[in-house]
Structures are given as structure tokens and as C-alpha cells.
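Quick setup: one chain, the form predicted on its own, written in C-alpha cells, and binding and motion questions come after.
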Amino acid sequence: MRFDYDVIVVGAGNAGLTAASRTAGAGLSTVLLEKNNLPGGFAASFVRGRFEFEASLHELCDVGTKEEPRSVRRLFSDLGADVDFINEKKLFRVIVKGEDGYDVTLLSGEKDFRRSFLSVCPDDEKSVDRLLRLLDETGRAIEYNDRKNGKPNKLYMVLKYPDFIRSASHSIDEMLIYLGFSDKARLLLETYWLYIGVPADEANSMHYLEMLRGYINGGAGIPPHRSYELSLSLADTILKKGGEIRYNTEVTEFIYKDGRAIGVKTEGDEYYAKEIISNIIPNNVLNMSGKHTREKDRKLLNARKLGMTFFCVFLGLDCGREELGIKDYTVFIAKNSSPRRQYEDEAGIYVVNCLNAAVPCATPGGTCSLVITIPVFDPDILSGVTPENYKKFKSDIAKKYISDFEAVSGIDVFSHIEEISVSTPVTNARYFGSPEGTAYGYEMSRWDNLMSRILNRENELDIEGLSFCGGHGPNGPGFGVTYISGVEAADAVIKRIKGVK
């Protein structure tokens, strides 16, 4: 059967939801096609026994409060989505093991951040003040760029925001060294490199500065009803605006005419539209495009490295967090303080989250949950895994990291486990359809970083009639920026269809 629309959005992940909400709100007939029976992609949760676990989300940055909303909260409000975020004041606790290790907790809010930072690095006062000024300048530079729709006056940028321009082409490491931070202070600040997916000597400082600014000024934003609250609220806005969502509808092929994408095929049906927005990673789209793929696009994707994925150990515990002695929502645990070593060493760093620390009623009374997230940068870690030993492999991962967390924290976990579930890159690939289970799209490497993608947008995939949005796009990975990428893709499509210059 044939269906015709103004816009087809493929994939109800974070960006697909915001894209469909935006185009439907602009009065364009919109259909969102999703292969699963619920929206959200990685913004999803699942139930084991009496516990509901968050599949991926830890928190969002740049959310802010109701009184002082920041970009993410404003985006949801603009789309008409009703979401109430909890604002977590503790940014993170980091425990670095070893002789030169440390145990530090940093807070949000510029004054509290500065105070908590200087309590452990008192000699870095001038450097942290320079950093805070740079963060302010970064915010103003980005706001100016947005007002100019990504086409700012270059001379004005250089004269008005010189430190931002100077830092934007350098790595996090280079930028912090330039600001004069001591080694300990620099390595402490670089803890957030993990959320970018590449170590601090390679990750672009502009990407980092914008993320850090969002965390310091807006705290960590947590949806009290987990990420399904975000996904379902966005899905509701699509329907209220007259858009359609078709679940259990998997796109199997993209349809082209004279080099232009004009539609998609599902099992038994064909959908046609003036514009298509894909929340599916481009690798998969090209595989569904057959002979219509171009060598230029294949070369671009082959040159890129898939971003990191992760193991997750989900634990439902039979007693409350206070009884166990768990005080923190987010704890980074590392073998050593060097991001490069953390990146290169197996088990170099992992994150432990206790949702109950931010949302006390997240689990039934007298219980709590822990999620241990272990980043995977090398897909070959699964090379020796077979269907026969897969279960043992997952069990060994769980035992290893639970034991390490117990040793580092002094908290008894094993004797309180009521429910346990382990996900791997295989799980992610199966349920989310991402190549090698990547949750981060393409790695934001030194040559393929945020700045280079933004400055070379014209060299990205430019298939006529087809736009992309998601964590694989120019803005990179992360829940907040992924939502924004959907809006940006939709706005461009709306302009093309309506003929707005």
C-alpha cells in the first residue's frame, strides 16, 4: 500500500522525535516510522522483577531549573513537551586508585563549583577563574553564532571572542595546560572526557567547554520517571500537532528517483514524501540504498571510526542506599588519572550511578538500584565470545566490576543483589540496530571533531531529499545535543519545503 506525506522521519530515537514534533508543528504532514513498539531508542528503560532500569541515560547537561531554564528545558518547552527535571547539584565524584590517587566531589553552580574545586586544588585559583571567564565567553560566542544562523561575521568573532577562537581548534588537554592548571587539577577537570568518547589529548576543547558550561551553570538534569518520560512526552506532542507515529514499522529500503531520496519501503508498504529525515546512522541507510549510494559517501563513512559502546551491569538491591552507605548519584572510578591511559587500558575507567540518590522513590521502599557502565572503545573485546560462552562472559564482566566497586567503596553489594541484568555491545546492536552496538555514532577524533564537522557541513552526506539527525551528526553524541540535532534538521527541511530563504 502507498502513503504520501510532506515529511517522513525514520527512527523514533531522541532526534527523530524532536524532528517529527517540529515538522508536524510547522503544519507539514508528518509520519514517524519506528521498528520497535515504543519510542526513544537509547532513551528507554526495562523492568526486571520489581525494578525498572534505565538503559542508557545518566543525566542531561544544560537543563537548568524552572526559574532559570537552559537550552534543554527550553527546547522541551518550545516543543510543548511537559517534562519536570530534577536538578542534581553534585556534578560527579571521581575516585582514582593508586599511590597518587584522589577522591573528589565537584558541585554545580559557578560559586560552588569554584569552591569545591579549590578545596582540593587551592593553588589553581587563577587558572579556574580563567576557565570560568572562558566558559562565559564560549556561551556568548555560541549565542552570537546561533543568532546569525551559523554564519557569523568572522572578523567580529575574532575581535569579540578571541579566547574562544583561540581554544576552539585545540584539544582539552592543550587548552587546560594553556590556562596554567596543575597536573592534578587538569586531570580532575578532564574526568568528563568519557562523555565525549575520546581522551582529553584528542577531544576538541570547544565540545568540552560547551558541555562543562552546561553542567556548571545548569547542574545535572534527571527526569524523575526515567528517559521514557522524555520520549513519551515528545511522542505526545507529535500526535497533538497532527503528526502520525507508526510503531512496529521497520524501514527496509530507501527509494530513489534520479538520485533523489523520495521514499522508503517497509514490509508490504511504501511511503513517499517531499523530504526524509533519518535518525538511523548513515551506515545503515547506505546499506538500505543499494546501487544509489555514491562512492564519495562510502569513502566518508569508511574514513570514520565508530564511537564507543558499553557494557552495563544493572543491579536491584534488597536494601536502601543509606543502609549500604551510598551517598552519590554519579561516581567515576579509574585505575589512574590519565585520560589517555583510561582510554587505552581495559577497565581503565567506569561509572557507577545510584538513581535513588537523585530520585529517592526510583525503586520500591527499602531497596535501591545501581548501574555500572563500562565504556568499550575496542570492539575486538568480543572477538572470543561465542553463543556457547556468552552467558559466562557476561557473568564474568559483572563479577569483575562489582568486586572492584566493592573494593574501592567498601560497600557490600554481592550479598544484597535481588535482580541483575547485563547488557553488552551485542545487546545494543540487537535492540537499537547500531553497528557494533555503538551508542556514540562516529568517534569525535582529532581530525573529525566538532569544529571540523561544523566548518565542513557541505562535505557531509548531501543526498538530495534526505537529511540526517542524531548522535552520529555534526554535533556529536549526548542526549541534549541529539535532541537539538533533530530540531536543526527539521528546521532546514521546513525551509526547503516552504521555500523560505
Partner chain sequence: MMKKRTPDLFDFLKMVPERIKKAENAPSDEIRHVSTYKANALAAALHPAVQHLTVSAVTPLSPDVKLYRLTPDKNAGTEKLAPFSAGEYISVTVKKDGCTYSRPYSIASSPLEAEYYYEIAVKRVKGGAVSPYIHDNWAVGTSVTASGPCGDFTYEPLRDAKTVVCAAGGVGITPFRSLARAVSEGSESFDLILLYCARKEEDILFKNEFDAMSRIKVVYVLSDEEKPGYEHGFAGAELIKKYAPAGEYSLFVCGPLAMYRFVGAATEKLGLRRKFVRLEAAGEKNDPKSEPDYTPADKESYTVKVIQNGTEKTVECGADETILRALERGGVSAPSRCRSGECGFCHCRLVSGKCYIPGSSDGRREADRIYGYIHPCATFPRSDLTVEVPDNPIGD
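Numbering follows the first chain given and starts at 1. Keep in mind it's a predicted model, so treat the numbers as computed, not measured.
FYI, the form predicted in complex with the partner chain isn't displayed, but the following is about it.
This chain appears without its partner; in the model of the complex, the one residue of 128, 426, 188, 411 with a heavy atom within 4.5 Å of the partner chain is 426. For the options 212, 354, 362, 94, the one in contact with the partner chain in the model of the complex, meaning a heavy atom within 4.5 Å, is 362. For the three marked residues, 136, 142 and 491, no heavy atom of any sits within 4.5 Å of the partner chain in the model of the complex. You can rule out all but one of 97-105, 111-119, 212-220, 380-388: in the model of the complex, only 380-388 has residues with a heavy atom within 4.5 Å of the partner chain. In the model of the complex, none of the heavy atoms of residue 341 sits within 4.5 Å of a heavy atom of the partner chain. Interface membership of residue 300, defined by any non-hydrogen atom within 4.5 Å of the partner chain in the model of the complex, is confirmed.
When contacts are judged by a 4.5 Å heavy atom cut-off, residue 82 counts as touching the partner chain in the model of the complex. The closest non-hydrogen atom of residue 269 lies within 4.5 Å of the partner chain in the model of the complex. Along 405-427, residues 414, 415, 416, 417, 418, 419, 420, 425, 426 each place a heavy atom within 4.5 Å of the partner chain in the model of the complex.
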